[in-house]
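A single chain, nothing else alongside it, follows as structure tokens in the form predicted on its own.
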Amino acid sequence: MKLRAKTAFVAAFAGMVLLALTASAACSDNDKKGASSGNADLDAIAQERGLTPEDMKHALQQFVPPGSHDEYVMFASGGHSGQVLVIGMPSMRILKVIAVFSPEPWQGYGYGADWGEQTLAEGNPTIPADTDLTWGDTHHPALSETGGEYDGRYLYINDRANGRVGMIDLRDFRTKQLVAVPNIQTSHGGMFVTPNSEYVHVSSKFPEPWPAGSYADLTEYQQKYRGASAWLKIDQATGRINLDESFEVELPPYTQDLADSGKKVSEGWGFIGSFNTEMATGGISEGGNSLEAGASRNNFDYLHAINWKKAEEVVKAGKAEKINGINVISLETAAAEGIFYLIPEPKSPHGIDVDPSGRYMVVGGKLDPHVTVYDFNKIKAAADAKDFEGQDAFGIPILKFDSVVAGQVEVGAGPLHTQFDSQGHGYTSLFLESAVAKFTLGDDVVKTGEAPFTLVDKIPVHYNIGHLAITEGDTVTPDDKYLVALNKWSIDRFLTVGPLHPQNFQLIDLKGGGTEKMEMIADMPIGVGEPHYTQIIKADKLKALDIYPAGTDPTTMTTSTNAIVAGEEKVERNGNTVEVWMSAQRSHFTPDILRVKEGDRVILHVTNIEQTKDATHGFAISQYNVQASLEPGETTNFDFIASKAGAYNFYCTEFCSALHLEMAGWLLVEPAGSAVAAP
């Protein structure tokens, strides 16, 4: 659409909405005649589709004109897909799926190209040995930060199923590292980045027998099962995790859950929610109680408060033990050194979220209609004064509940997670009530004149909300613009596409975080997995590459030693190894005929020598399970055995030009024992 026509369309649409909002249902014929012909046409469309003035208003609030860009980018976990979804806001359009823990053919991730194959292989745990994982359950994305603000450099994501962490470089939106975290088998929501990206934290969900890989019966659960709070050191230049400089704090065999980083006044601390302090193990099939029943007996569970700055010093002082390749601070040392404290929280809690000031921690208890707000200043004072109500079974001091609580707010049924605006409000998801509740924090941060610890607004969602996310919501200065509700059920919101329904993201206008009511704008079906959590960053903070500098190895982001330019293509044979340096450009590969013998090892280096934006080529070999996406300037390597004799077509998988179909060639694999033409 040309700019003039596009501008006219938007103006006409806006005029129609204004007319619809200000006119009564019984507007006169004279009023209608006064509308422009463009407005009349759009009004006819609205009537034909049964759109209300509110519908049209919401459409404009979400509308991003063709060719224009979104103001925010949301990084959402892809759940069982094992990937990360990149979504523009407010348009709610999926811009990209980033391959992380699962093979993904469009990007050639896990289909022969070295960067995907190597990354997936490196993410396989060594304990137990011979584990070959080809899927993951992405849960909690965590953007890198500087000064408590998202800086747009790196993104980390955990694998709920297998206790791994993925690192994504936001220069090219590719996964560069998978780390199997030692001593952690599963991780639910214990993922966050510290305010200056010193560490990315991940904690176990279910404990396992220690040392990892050993066996212990559930009758020895309290004695031999343990969890871990892992603080994984980030290399600032590359974003990669360095296990040699990382450490863990041993955790009791409770079930650790959501976690969040301290900031500002609480910087240097981390907080992890837990449940099942009963240490129930289930057994319904063996004549005992279910895990659900056994883990819900106590009136309180324990919020974990960990002083990671102090833990860092303890590791440097040599007071940690290497377990499976990482420094581990024992429970005894953590208690003796003032690293680890327990704080009572209402039974079966789920969320733990730190407000932008770093002073308040909000806990949602699934079985309690209140959220409990803790004050870090009180926590610190109680810890310093040894204001304990005792110790748990493992010697960890328990702070007195009444000494650390700032207040409680009755928000509704099934509170889970909380996000914050810059005006001193918390927004809590209510799973059972299918709603979002807005309440005020302490009077030292509330900027709207409202009373502290008071419910001030509530909006229904559709249906059974889990997490929620606010624009720039986990930073020290959140943007008070949008909130996204991550709803677990969609029921009647979209066309039926079989019994497996899409998840439902709902976009909510926060009205600047002031005293106005929240407003629902749009629904968005997510049909590629069950997203669990998101973080939302200002789009202008992202500095992604348009093209790679010529000959870039995307794994290292440096010039590949195997990069070539046009005219340098070659084929070399060394015994049973055939090595090829190939170029790809519109609309041919050079060389386009490869002659090898059955059983040969083929090492293929392909450079996309284009330097034009979006001049992507693909490379695939029929029946060899080889596929890759070659972005402009990229050099990618393949290494495979020509195990099947025959003539196999290779071709460009990305439509690249008018002669795209002609961009192809042949891999000729002559049967073993026959004469093969010299390369």
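On a predicted model such as this, the values are computed, not experimentally measured, just so you know. Position 1 is the first residue in the sequence shown; the rest follow in order.
Unshown form predicted together with a further copy of the same chain; subsequent notes refer to it.
With a further copy of the same chain left out of view, the stretch that reaches within 4.5 Å of it through heavy atoms in the predicted complex is, among 438-446, 147-155, 520-528, 386-394, 520-528. Proximity to a further copy of the same chain in the predicted complex, defined as a heavy atom within 4.5 Å, singles out one entry of 551, 452, 209, 268, which is 209. In summary, among the residues 459, 405, 127, 381, the only one with a non-hydrogen atom within 4.5 Å of a further copy of the same chain in the predicted complex is 127.
a further copy of the same chain is not drawn, but in the predicted complex it has a heavy atom within 4.5 Å of residue 493. Although the partner is absent here, residue 611 is not a contact residue: none of its heavy atoms lies within 4.5 angstroms of a further copy of the same chain in the predicted complex. When a further copy of the same chain is considered in the predicted complex, residue 137 lines it closely, a heavy atom lying within 4.5 Å. By the criterion of a heavy atom within 4.5 Å, residue 503 is counted among the residues contacting a further copy of the same chain in the predicted complex. Contacts between stretch 286-303 and a further copy of the same chain, counted in the predicted complex as any heavy atom lying within 4.5 Å, involve 286, 289, 290, 291, 292, 295, 296, listed in sequence order.
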